[in-house]
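We begin with a single chain expressed as structure tokens, specifically the form predicted on its own.
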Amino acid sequence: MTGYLSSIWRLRHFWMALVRIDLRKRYRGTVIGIGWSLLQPIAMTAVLCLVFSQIFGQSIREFAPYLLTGLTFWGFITAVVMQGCQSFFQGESYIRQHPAPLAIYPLRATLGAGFHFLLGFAIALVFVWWVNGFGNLPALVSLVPTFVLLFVIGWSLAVCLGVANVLFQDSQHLIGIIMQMLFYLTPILYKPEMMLDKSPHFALIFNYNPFAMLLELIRKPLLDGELPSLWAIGASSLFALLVVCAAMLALRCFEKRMIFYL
């Protein structure tokens, strides 16, 4: 694994160039360019906040950063999953020309999604500071390992789903349906306490939903200025280990034969 990662690092100029190409292509010809990455989460948060803050009886000042953080997080997960499904097809021309490690192409998708995630998080951070002040500064240190963990999980998911979609191209459509279901099973639009008050069975969903645990790792320091629970840290770390092992197994089994499936 060390040798494999070293070979990826030696080709860093290649995959960094691919990420830059993707970003330029996405915003080429637009008036405000990368500003669309800032405008989209703000607009979605404004619309959904007006609706759901009334439904849930929450103040907009409290609910808006909560919602913005959830939407930014889910945007990253969705982008990693859906772009990861297409990562090997997108890089097919490069794969046929140069025997580079195949994990480079899911990495390309993960870094692009991570760039937009950081922009959305920066907006949420500024909004929280404006509303609540700078009391969360000590707890924000815990976000450094959280972001590393999120990146590792995103990259591993992109590898697994990219391999799965090459072998069975209906995977991307099935994954799209699953992601829609997980969106509502993850506390993005609502707080877990609201659902737990209605039925204690939701505790099983929130406690064993890895995305809910990852979201707690981000929201707890950002919104409450507190460290996340040990359960959230342990569950997220275990989930990361599982998806990393799955990605390694997928590459070990199919990397050398991937070109024949493309």
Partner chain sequence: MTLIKLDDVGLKFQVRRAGRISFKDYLLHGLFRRSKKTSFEVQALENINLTVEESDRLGIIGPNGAGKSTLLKLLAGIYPPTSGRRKVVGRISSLFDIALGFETDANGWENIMYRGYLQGETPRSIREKIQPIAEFSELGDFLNMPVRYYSSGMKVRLAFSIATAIAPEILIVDEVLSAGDMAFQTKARERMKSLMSSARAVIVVSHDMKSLELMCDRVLWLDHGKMQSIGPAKEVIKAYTQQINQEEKRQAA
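Just so we're clear, the structure is a prediction, and the values are computed from it rather than from any experiment. Residue numbers count along the first chain shown, from 1.
As for the form predicted in complex with the partner chain, it is not shown, yet the points below apply to it.
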property: 4.5 Å heavy atom contact with the partner chain in the model of the complex for all of Tyr27, Arg61 and His116; result: no
property: Heavy atom within 4.5 Å of the partner chain in the model of the complex - the one residue of Leu143, Ile95, Leu125, Ile188 that qualifies; result: Ile95
property: 4.5 Å heavy atom contact, Ala17 to the partner chain in the model of the complex; result: yes
property: Non-hydrogen atom contact Phe134 with the partner chain in the model of the complex at 4.5 angstroms; result: no
property: Heavy atom of Gln180 within 4.5 Å of the partner chain in the model of the complex; result: no
property: Proximity of Leu167 to the partner chain in the model of the complex, heavy atoms at 4.5 Å; result: yes
property: Interface stretch in the model of the complex with the partner chain - options 73 to 81, 154 to 162, 86 to 94, 125 to 133, non-hydrogen atom within 4.5 Å; result: 86 to 94
